[in-house]
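So this one's two forms of a single chain, laid out as structure tokens and tagged structure 1 and structure 2.
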Structure 1
Amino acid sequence: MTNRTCLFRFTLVLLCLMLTMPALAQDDMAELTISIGARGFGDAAPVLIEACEAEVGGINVEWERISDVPNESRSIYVTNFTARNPKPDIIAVDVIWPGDFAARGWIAPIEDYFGEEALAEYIPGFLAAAQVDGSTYAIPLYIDGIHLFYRADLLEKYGFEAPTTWEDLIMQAETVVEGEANPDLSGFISMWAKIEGLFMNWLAFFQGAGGNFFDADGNLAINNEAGIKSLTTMVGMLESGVAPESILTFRPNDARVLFQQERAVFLMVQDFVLAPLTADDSPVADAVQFTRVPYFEGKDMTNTTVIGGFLLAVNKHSENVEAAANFIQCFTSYESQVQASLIQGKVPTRPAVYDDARIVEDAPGVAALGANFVYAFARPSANTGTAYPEISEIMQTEISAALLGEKTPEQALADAEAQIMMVMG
């Protein structure tokens, strides 16, 4: 065989290999689908997906845009899980879902792909929402929570600083409202309609009184001194006029609108209101400030920032669980969270990011909110699993009964505890 023939055959083999390499590489790629709301994560999603495809390597990720309305997206997920559909591989889950989804065997434990050191970099109170029986089923993506917004101009006028305790808040609200003599001005407004937000409100008061939904032994612990004090205080704010009767119909945005119309001294809702309140055309843009949710006197070490937000979980039926977990590592990394904040205004779930120079300079509101998440805690969904929706409904009903004067706080909490114990067996 001549050298020319050998060279010709070698060239043919090399050419064949080159032609088949892309196909082989494509076959080796893990095809992942991530399901996340288009409005919720918006412009940040495609940027982070592209960056993480390159960083992780060997993956091709499709963004499945899903409804930003939690009940709608949850319904879609449940249908997929029930059918044991392997897609989507990665889902964005509301903070109250991991316990339920894990109990039903729908999402995979993924702590082994992270390790204790890596998990410790996320806000502990948020990560706890996804930790069930020693396993971690989701990784915090972005956080929101309830904060206390206030009219700094009115507080300054009467010589007050932002209140730290409920006792101070009530006194300040009464003083300012009386001094302003404006019948359209309320002292305190929030979301006290019979919704999930009402349960979150009571939990903030409850934790600020030193309470915990479950005690150290895992027993239900709401019908106690902290529980009664928290609900009695809420009832008292209504009876004294610090909170208007209309608060019982308010959802978050209803309260925000009233505050933005300069008709309230204090507002306690989630941090999504910060953008409209500080917009150039907002009447309170130069006056609004915020701080952590108050606690009761002597309970300054309690966590009072009730959190919401989303985490990323892996579909247990996914054919690429490890690749999906690796992608989540990248998508929730330090740098990814910096970019999500700068691009979409998302509040990071890694405390270290709040001090990043880029965040401090270009997203000061995000950095300021971070201080309140030091006091973050999640609703009791991880420990209640599939029963959480029913438990929340019970609490909403009984809290409303006390606020409407249909039951005393003591009776409402006793009834709630009895019903919840039946639900949990």
Structure 2
Amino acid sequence: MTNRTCLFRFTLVLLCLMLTMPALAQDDMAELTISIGARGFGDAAPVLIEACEAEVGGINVEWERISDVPNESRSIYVTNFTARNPKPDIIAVDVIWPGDFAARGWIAPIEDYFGEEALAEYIPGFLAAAQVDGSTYAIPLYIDGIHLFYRADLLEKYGFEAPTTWEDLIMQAETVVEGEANPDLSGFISMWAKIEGLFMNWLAFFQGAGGNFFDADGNLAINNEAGIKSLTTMVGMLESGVAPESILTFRPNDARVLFQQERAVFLMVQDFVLAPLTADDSPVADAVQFTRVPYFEGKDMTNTTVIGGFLLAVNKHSENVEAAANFIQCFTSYESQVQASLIQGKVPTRPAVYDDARIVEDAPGVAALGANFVYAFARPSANTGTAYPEISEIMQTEISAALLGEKTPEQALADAEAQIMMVMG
């Protein structure tokens, strides 16, 4: 009996302690949670979080590591935000989400905490993806653009310069693969699985053929000469064997692994591959170089660098919107972006950072990527708002159908056009 009383009292005391504990920890510090992908920001995240905790003051920031696959992290946000969870306070959003999230009332307008002058320091084309009806809903964190990586040693061996047109690229790939006579070597690889990256890929081809998803009057303009030329070229690369059949199952990292194993001449993916490809233990470290994504002959004025990347936004139901905005200001500051580039090879969203002496000296790769962003263009997510995910899905499906030979390019584009018209109403 006494034993039991003793246990009961002990439990009671324990319960009281547990109840008061959070209250004790809660002094005047604002508790913030920031959710960023583990690969996306990697080693730079803890360094910057600590630095900004000190600079902003009065905040405790916890890093919630989420998936780097956009669709997976998006699912987590959808769950949290439809339930109006005040956490995470700060989220990393893909460049195609702010319009959609803002329309659903999930993220807070934060331009007042920054001011016009401070906002003007970011790349305007990128910031525009987060601006809806005069309000700014997210701040650019880093760019992840698509570039053309190539094996400089192989091109040199056959007397080629880096290709600027698709016609050149296909000719070079065929020559090198034939000359090397290595059954494991592919000419061109990329991410042609049915993912957002496939849509980005086709957009680059499409823009390079002089196309534009929406014409000057805002009408859908994919079922035209440029559309057919771009899709036909992609199908042709598969048929002629310049691209291996397995490209249809590749996501960015699958393609990167193959290229790193010296099994491809050209690789067209986002710039996150630059760090692993040039690491000391990489077999292609000395051979890999990159240039802007090609265009079609006679279309050299077209923009072909599809930009992706992430921005930081504040959860509308966060209990500390102001502290969160201040934290973002520090996290995306000039100095933070220099650090992120040096530590993790992140590509800056402030044009000024590209010319920083430390970047030019210690991260020449990042500085060189900057040149390709002269030809940058964004996906049509700003104009399409909440309809974008479905539009992208339609495009991915129809492009895949053409690549798998289930439909002709003409048919696939006509079908895509009809479905998108229906979604947009």
Partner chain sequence: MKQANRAGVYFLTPALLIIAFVLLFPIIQTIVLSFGKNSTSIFIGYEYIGLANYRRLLATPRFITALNNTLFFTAVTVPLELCIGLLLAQALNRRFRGKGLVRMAVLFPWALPTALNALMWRWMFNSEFGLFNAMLIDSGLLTERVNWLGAIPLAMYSMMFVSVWKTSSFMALLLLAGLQTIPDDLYEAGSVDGSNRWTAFRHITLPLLRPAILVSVLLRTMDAMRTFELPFNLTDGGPLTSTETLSLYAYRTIFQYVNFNLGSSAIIIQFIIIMAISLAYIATLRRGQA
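All residue numbers here follow the sequence of structure 1, with the first residue given the number 1. Since this is a predicted model, take the numbers as computed values, not measurements. Rigid core: the largest C-alpha set superposing within 1.5 Å between the two forms.
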Inset, instruction - Assuming the other structure does not fit, state which one is the form predicted alone. - result: 1
Inset, instruction - For the two-rigid-part motion between structure 1 and structure 2, write down the angle in ° by which the smaller part turns against the larger. - result: 21
Legend entry - Core-aligned Cα shift of R74 between structure 1 and structure 2, given in Å: 3.9
